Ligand SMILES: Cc1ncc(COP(=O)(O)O)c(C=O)c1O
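A single chain, nothing else alongside it, follows as structure tokens in the form predicted on its own.
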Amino acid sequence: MQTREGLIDFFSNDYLGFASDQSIDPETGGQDLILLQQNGSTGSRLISGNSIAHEELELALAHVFRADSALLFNSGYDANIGLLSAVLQRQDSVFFDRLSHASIRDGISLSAASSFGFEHNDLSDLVKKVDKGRSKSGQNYVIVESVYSMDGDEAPLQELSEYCRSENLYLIVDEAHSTGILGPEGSGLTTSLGLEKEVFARIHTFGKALGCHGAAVLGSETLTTYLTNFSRSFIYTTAMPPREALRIRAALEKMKHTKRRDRLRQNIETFLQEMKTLNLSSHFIPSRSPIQSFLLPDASQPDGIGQIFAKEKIAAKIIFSPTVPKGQERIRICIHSFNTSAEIRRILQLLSTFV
């Protein structure tokens, strides 16, 4: 496993550099001091672990992400498996994009619902799968990611929402890699399109652009109340410490007003322009997000690339099958607000020597 120390970071999900930003650490005065007098939360939220910090954060999350209600989970993985295993019932059918994250697949597998994968971002294939697998006696759900973690491309949410509305399907969107990046004040792809009311549930995580830990499910009050009582990954785990809830809230406020999002967009544009200059565009999966994936022309290349990156003190992750389909091994490059133009040009120049 690789660490970040002393390396040029092109592999972490810390898109805005919040992970090392001490300004979002909780203050040690006033009400914060009262909340921070214990390091742990002491139990699950349904027993002793609930606090004012948790409840106020959920209210803030619902406001920022334009939802009726929010429920905190300890991680994006917990949120996905907790939501899907609780909501999906035996008589239901669920249709998921084949490039969906492992946590989505695991949540589906923990349910008793019938499941059908459709080709990535292929609405026509989704229609075929729904026509074939639609539940007649239960509910039908469609699950996608707003920005895909290994490809960096976006789901066609406008078209998906229109189709789901017309066919009475419940749409669920994992916003992990759009949180803090897309939409008004970083509120995600769904809100950028004004589709909050069209989506049954959204999952926003805090371990990426917000530089914290944890996640939340956003939806109706009925949904979050149901999850509070039936989601096993919420009920049967110790709550996040109040300190982390305070830190997330501070990061949430900073996210709304930060200029780092503009710097990130500028860096992405620099990356895309330099990619064209070096005639590398055909080797990358099209993406306007911080995630840029360079497809390896030769499966035998990773060792050589890894050695060169190590010599240049560049950290970028090589992704192998089965995380990505066999034959689509890649270097996953994550761009950040703190990367310099020189660093961006350097990594692309290195990649140009392998094509």
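We number the residues from 1 along the sequence you see. Remember, it's a predicted structure, so these values are computed and weren't measured experimentally.
Not on display, but discussed next: the form predicted together with the named molecule.
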Would you check, heavy atoms only and a 4.5 Å threshold, whether Gly76 touches the named molecule in the predicted complex?
yes
So, in the predicted complex, is Thr190 in contact with the named molecule at a 4.5 angstroms heavy atom limit?
no
With the cut-off set at 4.5 Å between non-hydrogen atoms, does Ala176 touch the named molecule in the predicted complex?
yes
Taking the shortest heavy atom distance, is Ser85 within 4.5 Å of the named molecule in the predicted complex?
no
Is every one of Asn80, Ser149 and Lys208 in contact with the named molecule in the predicted complex, taking contact as a heavy atom within 4.5 Å?
yes
Using a 4.5 Å cut on heavy atoms, which of His101, Arg247, Arg261, Lys129 is close to the named molecule in the predicted complex?
His101
Proximity to the named molecule in the predicted complex (heavy atom, within 4.5 Å), stretch among 236-244, 220-228, 168-176, 110-118
168-176
